[in-house]
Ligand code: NAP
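One chain comes next, on its own, written as structure tokens: the form predicted on its own.
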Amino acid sequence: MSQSEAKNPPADVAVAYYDAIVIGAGMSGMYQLYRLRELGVSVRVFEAGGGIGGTWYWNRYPGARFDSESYSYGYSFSQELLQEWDWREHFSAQPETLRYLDFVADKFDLQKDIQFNSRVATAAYDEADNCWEIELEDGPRVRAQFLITALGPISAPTMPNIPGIDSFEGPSFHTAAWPHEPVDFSGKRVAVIGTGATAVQLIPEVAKSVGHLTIFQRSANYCTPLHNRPIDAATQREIKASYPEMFATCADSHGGFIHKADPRNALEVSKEEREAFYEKLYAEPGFGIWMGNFRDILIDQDANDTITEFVRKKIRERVKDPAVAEKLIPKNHGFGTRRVPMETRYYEVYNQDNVLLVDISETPIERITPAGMTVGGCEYPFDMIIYATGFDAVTGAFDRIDIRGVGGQTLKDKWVDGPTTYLGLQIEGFPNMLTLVGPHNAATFCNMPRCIEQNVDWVTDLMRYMKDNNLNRIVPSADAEDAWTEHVHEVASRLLFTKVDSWFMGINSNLSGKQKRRLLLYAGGAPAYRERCDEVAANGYEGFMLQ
């Protein structure tokens, strides 16, 4: 990358010009900004929200928290930062997480290069000048040689397609657009639509003070206990002393967690030994029961049946009404083939007299009314409606920006049959556009910050290579993109989740219209992904066309 060419805009363009534009000031955008500054390039970050944090800025609903251990989630790039920050809980709640990210932003003075309340509407590649021009929703245009998307895989919330949704006269909100002031549920009749990972965190908090809570479930999920607890002083010292070993474990694990798969197969051991192992995992904190289980439970149906039946038994033990318990047990997928929600006394909520579960696959929501809902021919009055209806995952945030590459081709059109990328980091036909945590990237199926740091470091090294070699343009070849996309699908084909409808496969039941099954993530594991990225770089960025 030539500094002189990057710094000077074409004479006839009266817009601000940077070496790089980053869209998004969540964890990936913040770290990318930090690394680009080290590289000595000019950079501007545009953030739709009013502050940094991405997911942790928007998702302020009660109960929002990590389900990977706090100390394994935070940034690892600064030893000073690791020693300065004390995590209060093993699984940090949203307010503390946002305080942490504010602390990081202040420590490294990041906010001076971030423009808030600035949602990007369009991004178009100018072939003649080899630069990207973005336009904000409120009108201003900015140009840069490089466009780096840090949009986040779950940043495009979806509302259900229910008639009358705007007619409700009481307060209503999606969990990803939660009010910044406290919401009081005391004595109120509250409806929650959805029972996915967000709802599983939210519902126990609402149930503590609500007058009456009605939960509308389309698809049940297998949920397992989080087992959160505070971090005492002695544990804090142990954590800070063991960061190198912990991050080495994360780097070597399939999903970037501190949990590594057991080397045994589920059916290799006796039933008694298997059940004892499942009991142990169920009693331990975090994703161990998903990521640290027998190595074949996500690839072998017979093995998966054993853990699925174990979790079903736990649900039946915890929910007193057998009919309600059966509604809460999924019938269309096995344990772990969808994202596993981690819960704290979620199932016990259904034992409360003031809680009602409505299965909308049996009795659909017909419409929202000014006073509540009509469901299965019955009127349900509500004081408040909460939509925990998920996200248009991974590609949804890209679809909400009009992104145009060579020849004016839109990214949405290119991906109409499913995303195609090279390494999940670049797209043929879209030069100098780099996609952090993009589709077909290991970061979409990972303890996010562990894979974010890998993505950002790789992109930064690429830009350094281009700068040192006076290169100004990079784009993958069609053959490289095709080969990577084929590899992504081949790796995933061995896993049971590809046979199940979920956001992993581009399915969200709240999106209107017929949806195509589209694999959105890379399931080969973070170590294999990192190895391939490093191999590409070591071979002079093979598969890319550099000029």
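Note that residue numbering begins at 1 and tracks the sequence as displayed. What you see is a predicted model, and the numbers here were worked out from it, not measured in a lab.
The next section is about a form of this same protein that is not shown, the form predicted together with the ligand.
Proximity of Tyr125, Asn469 and Phe544 to the ligand in the predicted bound form is absent: no residue of the three has a non-hydrogen atom within 4.5 angstroms.
Stretch-level contact check against the ligand in the predicted bound form with heavy atoms at 4.5 Å: of 452-460, 239-247, 139-147, 211-219, the positive one is 211-219. Under a 4.5 angstroms non-hydrogen atom cutoff, the ligand in the predicted bound form lacks Arg400 among its neighbouring residues. In the predicted bound form, the ligand lies within 4.5 Å of some heavy atom of Asp67. Contact between Pro160 and the ligand in the predicted bound form is found at the 4.5 Å heavy atom cutoff.
Under a 4.5 angstroms non-hydrogen atom cutoff, the ligand in the predicted bound form has Phe391 among its neighbouring residues. Only one of Gly405, Gly336, Pro476, Gly196 comes within 4.5 Å of the ligand in the predicted bound form through a heavy atom, and that residue is Gly196.
Only one of Ile258, Val104, Ala93, Ile360 lies close to the ligand in the predicted bound form, with a heavy atom inside 4.5 Å, and it is Ile360. Although the ligand is not shown here, in the predicted bound form the stretch 479-497 places no heavy atom of any residue within 4.5 Å of it.
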